[in-house]
Each structure stands twice: as C-alpha cells, then as structure tokens.
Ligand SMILES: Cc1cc2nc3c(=O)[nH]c(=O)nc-3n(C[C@H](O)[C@H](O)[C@H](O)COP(=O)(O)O)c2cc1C
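Only one chain is included here, represented as structure tokens and corresponding to the form predicted on its own.
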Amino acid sequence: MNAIYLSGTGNTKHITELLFSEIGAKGNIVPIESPDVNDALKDDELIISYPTMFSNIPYLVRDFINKYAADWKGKKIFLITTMGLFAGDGTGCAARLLKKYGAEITGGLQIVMPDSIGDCKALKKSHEQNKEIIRKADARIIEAAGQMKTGNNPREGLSFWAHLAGLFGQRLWFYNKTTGYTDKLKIDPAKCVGCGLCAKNCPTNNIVIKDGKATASGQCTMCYRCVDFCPKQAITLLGKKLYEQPCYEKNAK
C-alpha cells in the first residue's frame, strides 16, 4: 500500500502518516505534487488524502484524478479528508470520480483538524482548543486503524445522506469557488522580500519570483501553504488581513 496526499499546512500529512503507521502499512507516503507520485500509483492499494474545501475536493486533487484516469481501474482506494468544521461528503466527491474510472473505494475517513485559513478571524481558535482538536483526531485515527485491521473499514462521507449534506450544506452555495483553480491569491509587494519560500512550496507552481518579488497567476488550489508560511505575512487569499499563520507543528506543541 502507498499513500498520496495533498497537505497545505501539515494537517493532512500528519493524519496520513499516523494512519499509515497504525495499520502497519508497508509502502511510501508521497505528496501529490512530487515526481515520485508516478511510482506510488503502481501499487494496487492506495490511500488518497486531502483537505476538504467547501464540502468539495481541492481542484488540484480533481485534476490529479482526471490526469491519471487510465491508472485507476481495479485499484483499491481508501480516502481521507481533513476539515475545519464540516465535510459533508468530502470523501464521496473523490469516490464518485474514482469509481467512474473503475476504482474500488474501500472506505473513507473525515477528520476534524485545526482550521488552516489564517485570514478569516471567525475561524480562529485558541492554542489549547487546537491541541484538543488534534488529540481527538489522533484518537479517532487510532480507533479507525483498529477497525481497519479487522476488515471493518470506516465509510464516512460515502453514503447518499452524506452526499445530500455536502451538496446542500455547502457545495451549492460555494460551487464557484471549487470548479477550478483560483486567481484570487493576493501578494502585498510592499511586504514581500522575494525570499522564494512561497514559490518553492506551492504545489501547483502558481507563484514565481520576478524582479525580486513574488507574483501569482491563476493556478491556486487554495491549500493555504504559501499564506501560512510566508515569513513576512505578505499573502492572503479569502480574506484581506492575516490574523494567524496556523500549521500542524505550531498547533501540536
């Protein structure tokens, strides 16, 4: 078994690594943007994990599934999504697309983690609250791993009712935000020092350094990696002001 994940600020990476370890899987854990993903896809059994965005899958993940359409037939895939508040059928969105290409979905997990959207004040929680969220998430992963070892895989987000919850709870209202990549990423040239950290870590190569400043095009998948790791707090996406730069390592301390 191999695992392929998209992680903006480390939440999904952590959850994937923990589950992989707890079920005793032998294989590789690979970020979706890595060149090694081609080798990871050769395994017939996979974990695919990603953060849920507006009860939908990030467009990069949808793009990835479509790109490798010919490779999914006959593969057994377990899906994991992480969420800040609500996922609905976050796993179901990818499951339906993968099944279209002939994959077998073996189960799904939807795990609440600290929110990674640092430019929305309403979503902010205290450090202690975030630590408690992580503690509960870890406990759920360990519990799920125990289920999986007995062949009783969780199937969260894969039911018809979960589909309705995701569709009417969020996806219809924010559909335009998830139908493609976005060009809404904002970089303040007065704050940017051209360090290149954002460009280096962007999973879609959306950011480049030009004339000593970072500039973005329209290929942002809203993972928030650049926003939450910029040393000068020069980048925002959904909001206009940065209130926090959350990441798994910071919240877990």
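All values derive from a computational prediction rather than experimental measurement. When you see a residue number, it is the position in the sequence shown, counting from 1.
The form predicted together with the ligand exists for this protein as well; it is not shown, and the discussion that follows is about that form.
This chain is displayed alone, yet in the predicted complex one of A139, L172, L164, L85 has a heavy atom within 4.5 Å of the ligand; that residue is L85. Although the partner is absent from this view, M222 contacts the ligand in the predicted complex, with a non-hydrogen atom inside 4.5 angstroms. Although the partner is absent from this view, M53 contacts the ligand in the predicted complex, with a non-hydrogen atom inside 4.5 angstroms. Not displayed here, the ligand is kept clear of G92 by more than 4.5 Å at the level of heavy atoms in the predicted complex. In the predicted complex, P114 approaches the ligand with a heavy atom inside 4.5 Å.
Contact annotation: the ligand lies within 4.5 Å of heavy atoms from the stretch 116 to 124 in the predicted complex, the single such stretch among 140 to 148, 72 to 80, 100 to 108, 116 to 124.
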